[in-house]
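Next comes just one chain, in structure tokens: the form predicted alone.
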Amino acid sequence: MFKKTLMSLVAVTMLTGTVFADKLADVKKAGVLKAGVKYDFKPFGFVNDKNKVVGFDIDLLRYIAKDLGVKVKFQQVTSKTRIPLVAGGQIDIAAASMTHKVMRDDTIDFTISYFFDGQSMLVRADERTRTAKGFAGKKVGAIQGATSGENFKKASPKAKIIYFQEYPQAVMALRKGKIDAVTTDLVWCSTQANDSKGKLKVTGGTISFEPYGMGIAENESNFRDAVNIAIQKSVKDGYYAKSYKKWFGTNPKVIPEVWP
């Protein structure tokens, strides 16, 4: 009986390949945390003038890796590729301005929310429209794989959503007048407006609540707990607030939850 049970267990393991998988143990054994980040979403993840990937997400991932006792290796992801890369195991974690949505839990798991934002609109400085509904009949840029296009369509059903692969393409189209707005998270919109030297601005307030979570593979509770604890440590020792002020210029109004 024992022999049959053991053989059945081995068979199941061979079929699934992941029954006894432990992402935390795998990461520690490899000595490397493979992290997916955006290279075009300032100030969360972007390439600076020294050709280095920097940003708020980058800082937090470095902290998490150090807490786990491993190095971190960054890999570029986009809104479209971040979830498939996590689900497929090509990366261990994605910190890529990703809103924790219920529907996304069907494919991957999430850490605790580590940043809180809302969706807004980036427009040219001469744009007079001030509400989402005011963009009815106008072209609004959104990014493939993000939920911003769907959110905006709900707020302004008659707007024409134009999808782009990456953010620089959308900004270029806005500057050239090919679209009338780019809709995504407020912090990014504000950063683009500040960097545009008066050519772009933010309008319309926010139309949604966007709590960011880091994406990890499903059913990896040991790994998820370790990352959650590391995020909370960064809050308790002041690193989170220091990095936040470094990239956003202010102290955080809302911080990640900290367990007692």
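Quick caveat: nothing in here was measured; it's all calculated off a predicted structure. The numbering used is simple: start at 1 and walk along the sequence shown.
Although not depicted, the form predicted together with ligand GLU is the subject of the following passage.
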In the predicted complex, residue 167 touching ligand GLU (heavy atom, 4.5 Å): yes
Proximity of residue 185 to ligand GLU in the predicted complex, heavy atoms at 4.5 Å: yes
is_contact(residue 104, ligand GLU) in the predicted complex, heavy atom dist at most 4.5 Å: yes
Exercise: residue 56 in contact with ligand GLU in the predicted complex, heavy atom 4.5 Å: no
Option from 133 to 141, 171 to 179, 67 to 75, 90 to 98 whose residues, in the predicted complex, bring a heavy atom within 4.5 Å of ligand GLU: 90 to 98
Full three-residue contact with ligand GLU in the predicted complex, heavy atom 4.5 Å, for 41, 146 and 212: yes
